[in-house]
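Same chain, two versions here, written out as structure tokens and called structure 1 and structure 2.
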Structure 1
Amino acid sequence: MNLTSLELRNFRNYQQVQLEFDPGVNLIVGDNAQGKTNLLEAISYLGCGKSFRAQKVSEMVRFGEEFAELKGTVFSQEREQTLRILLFSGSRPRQMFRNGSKKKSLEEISGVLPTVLFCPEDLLVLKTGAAQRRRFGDIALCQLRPNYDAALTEYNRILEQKSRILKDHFENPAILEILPEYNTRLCQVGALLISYRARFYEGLGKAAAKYHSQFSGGSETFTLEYKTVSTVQDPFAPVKTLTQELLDHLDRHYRAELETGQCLTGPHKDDFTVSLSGIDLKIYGSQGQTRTAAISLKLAQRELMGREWGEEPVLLLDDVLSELDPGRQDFVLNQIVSGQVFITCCEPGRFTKLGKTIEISKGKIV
């Protein structure tokens, strides 16, 4: 699988650009704030329909323009395919096309261009708050399991509505009559999320442990543990069982949620921890151990996606090599033995032997 060409129009700082890529390593060089990360964001968004940076779609549309266009030609699933996405600066919903045919959901473009992105922030994901780790897992799962994306969207929608009820009940107590209905639906969808996450993190942990063992020369044992609602005894249990356990947990927190006016518990609080030979990495891990574990997680993610799609996903390395010492750089580069890779770098001469070099300056190709 590889992205053979990409056209951008009014995307971030790119007014209009057309690029062709090597099926192996593509080195994107240029000074800071020239558009290197924007290019990787465009590739990632074209593949999964989600941005690893923007909170709103409008942020990706060039300032002063009404829309942005992303179009890629991909050799995938043993044939050439095209992906096209239109983003709008206002409230108009985006439009997605696969091979010229308009699609309604991400599920319909899923698998054409799976990507794995690794950026400097990911090196610290195991040291930051739970929200960043949930985002890491959600982005990966939305590509692996399109139905997960739909469930996550539905869960967040219901959660937002429930939050509004809890905030408004102080002035309008009668609104609490509909709260049980929202709680039930929230638990039903939340149980689906837990089921998906448990299986994903189990596979991710096993694959990451293998990479970390190679990285550390077998001196440390990598263990990943998924953390969810305390009443869930077995996250691999049937969805019906998980739903009831979530309902039981909400019942226990009913009074506290009314008093605070907030949704205090649920899968939106989920997290995962990583330990090395029994030592909690978040609390006791060194910077080197944290980075090694984070690299192992990303390589594991790529492996899981490769198994799922039967093709190596495109690997996006956003200035991550410059953040690593030479030994860790070598380990990452030695894992790039197949598949297409995009690497951004500020130093033009540093990795020039890797493959094709593309220099970016102010949103244009030099």
Structure 2
Amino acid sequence: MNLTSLELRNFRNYQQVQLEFDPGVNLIVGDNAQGKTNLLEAISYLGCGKSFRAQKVSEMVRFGEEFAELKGTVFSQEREQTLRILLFSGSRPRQMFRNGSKKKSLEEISGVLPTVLFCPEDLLVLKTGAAQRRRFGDIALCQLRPNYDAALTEYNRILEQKSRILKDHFENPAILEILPEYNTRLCQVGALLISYRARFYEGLGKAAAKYHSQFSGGSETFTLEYKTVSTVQDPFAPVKTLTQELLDHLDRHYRAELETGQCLTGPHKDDFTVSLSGIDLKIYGSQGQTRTAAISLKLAQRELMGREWGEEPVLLLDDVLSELDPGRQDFVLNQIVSGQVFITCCEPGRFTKLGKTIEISKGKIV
């Protein structure tokens, strides 16, 4: 699928633009603060009805204007389709249209133009804490598997209730009677999460390793390893086995959980590690290696989504080129051959052999 054209009116710093895109790579070049990220935001918003940077819808309406309009023509599901969204600066709710007819829910517009965004903050995912990596994995997996999404919501609900029991038992010891019931349920749903995650990370790791190898010219071997509760011997084991292993682990931490009043163990602490030729990236990775590995993960996520849906999501790469050496820049610009890609960069003189270059200055096309 690809976005063939986009029209913006009063969106962020764009008063009025009309853009035609290449089905391959679209390189968006311009100095700082000219509207490059705003353009990616518009594309992403049109595709999913959510902004990756605005807190409030009104932020996206050009200063001093009453409404913004985003209009895109998309070649998707083997036909031409249109998406149109109107945003208002006041309290008036937004309006969404698909192929000319007004839609109420996000589900009715999403699916036409799915996008995968890579922003500078994503570079940190392999360097920072486990919580960010879990979030990355969970968001991707929820998009891929609605049943996982439901299980995760259920897990978090039980976890919250269990937390309350662990906090309250100091004052109300009788409440501990219901704890085993919660633990059992938590382990059953937790086992399901592990089962999904094991398969997801296996697929993600394999695809990412392929990209990383192309990226680094074959000089580094990318390995992703999923980490879960230590009593789990094989995360691919039947859910029943996993449930028992999780229960065993909880048993061992029973005292500690009571004493600290906290849920200490479970898949809510899961993580994954990435190593390059056997060296842990989190500890030893260079800036460029960390960037390359993170981009490879994103490309892999997109590939899994494409396999699932039959069409690859549009890839939005914001500001990824700096700190990459010429070989790795060449990979981003000239070797991501599948699907449509938008790449923003500040450095003039960059170009792509796989599509077109669009230069932006003060919210206008040069």
Ligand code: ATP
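Computed from a predicted model, the values in this text were never measured in an experiment. In this text, rigid core is short for the largest set of C-alphas that superpose within 1.5 Å between two forms. All residue numbers here follow the sequence of structure 1, with the first residue given the number 1.
As for origin, structure 1 is the form predicted on its own and structure 2 is not. Put the two forms on the same core and the Cα of P114 is off by 2 Å or more between structure 1 and structure 2. D319: CA moves 2 Å or more between structure 1 and structure 2 after rigid-core fitting. Taking 2 Å as the criterion, W309 does not count as shifted between structure 1 and structure 2: its C-alpha moves by less than this amount when the rigid core is aligned.
Core-based alignment between structure 1 and structure 2 gives a C-alpha movement of 2.7 Å at F331.
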